[in-house]
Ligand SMILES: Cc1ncc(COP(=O)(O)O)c(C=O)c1O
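Below, in structure tokens: the form predicted alone, a single chain.
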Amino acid sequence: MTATPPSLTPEDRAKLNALHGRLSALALRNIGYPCNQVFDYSELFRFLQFSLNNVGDPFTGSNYRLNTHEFEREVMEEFARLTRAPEDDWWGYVTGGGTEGNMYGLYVARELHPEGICYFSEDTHYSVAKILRLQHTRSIMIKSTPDGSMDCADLRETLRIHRDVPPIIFANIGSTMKGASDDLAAMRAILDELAITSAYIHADAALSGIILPFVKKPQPWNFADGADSISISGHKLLGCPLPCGVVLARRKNVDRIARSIEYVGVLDTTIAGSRSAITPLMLWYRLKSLGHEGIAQIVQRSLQLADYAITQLQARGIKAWRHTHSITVVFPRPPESMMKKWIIAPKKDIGHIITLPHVTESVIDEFASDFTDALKTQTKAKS
């Protein structure tokens, strides 16, 4: 197939070139958001000539055969292994990102428990409250401890008060700002203690879900530890030019909500209708080209960089810390002048950097030096 060569004016072409230059300069300064910049998908560029669409359930086929469902199934089988999904009782698909994955988990939970109450901590991603409003799900925010994890004492007391209503617990496995993981084992113990037998736990493992399978003694977080559904981002630690992710859930629960759609010849089990067929291909390519050893190396390198960042910041008198198995390095909120050069995600009185492979030692050194200079300038301005 051939296409008409693009015809742009010199002004339009200059505009594209300027955008490329700006993004090239910014990419290595993007240290506050979890997007690995180190990847190469050039081998897949040839597939951009097709109008691909992964509409529908990747496990049942579709009338629209220009798809990558076969590759999507392999991606999901790998993530099922990584999350210790129950054999022959799991289902999942490649999403447009973490928010869609969380929406799917909460959608399944709401369909199973229409009168249920969702419990989430104050450190939960902002999109969750929005999802709950869209789905008209009752909810109660639970306190967080200072380290960013859900306060299980507050959860227990709140569940006790509402123990006649099925709970839907939204657990953070690596919270947005502090990288904290909520304790799934403690949550299940509370449910058992209160004799609550009808409950649902969704785990938002956007960043940590691809870290914890590759470390020793990970905290409880997966299906074997009590999760009913799990959402993981694909463009974060693995790295991808397009936002994407995966969501997995217990098949027996998904079967309760499936609907057959004759028009496209699919089961309607996903949130979106038309879905990207390129991102499943990219995730497949990344998983295959890296292998377990390659992913493990990225994880270990990122953890080493996190420790290096803490050492460099602390050496300059800046309090910095991280959770076990987390690559989110937390510190006091930097002066506003830092935001002009560095892409950082501050919230209230803290900031953080996320030490993915593009955040090298030299980048960390430069950031730490700039942080020190900015604090000195700020102190002089106040005196």
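What you are looking at is a predicted structure, and each value in this text was computed from that prediction instead of being measured. Residue indices: 1-based, along the sequence shown.
Below: the form predicted in complex with this ligand, not depicted.
- Between the options 97, 166, 226, 218, the residue in contact with this ligand in the model of the complex by a heavy atom within 4.5 angstroms is 97.
- The partner is absent here; in the model of the complex, the one residue of 181, 102, 83, 279 having a heavy atom within 4.5 Å of this ligand is 102.
- Per the 4.5 Å heavy atom criterion, this ligand in the model of the complex is contacted by stretch 234-242, the sole one of 234-242, 308-316, 155-163, 139-147.
- The closest heavy atom approach of residue 302 to this ligand in the model of the complex falls outside 4.5 Å.
- Residue contact check for residue 270: none of its heavy atoms lie within 4.5 Å of this ligand in the model of the complex.
- Contact annotation for residue 209: none of its heavy atoms lies within 4.5 Å of this ligand in the model of the complex.
- Though the partner is left out of this view, residue 72 does not reach within 4.5 Å of this ligand in the model of the complex, counting heavy atoms only.
- With contact defined as any non-hydrogen atom lying within 4.5 angstroms of this ligand in the model of the complex, the contacting residues in 171-208 are 174, 175, 176, 204, 206, given in sequence order.
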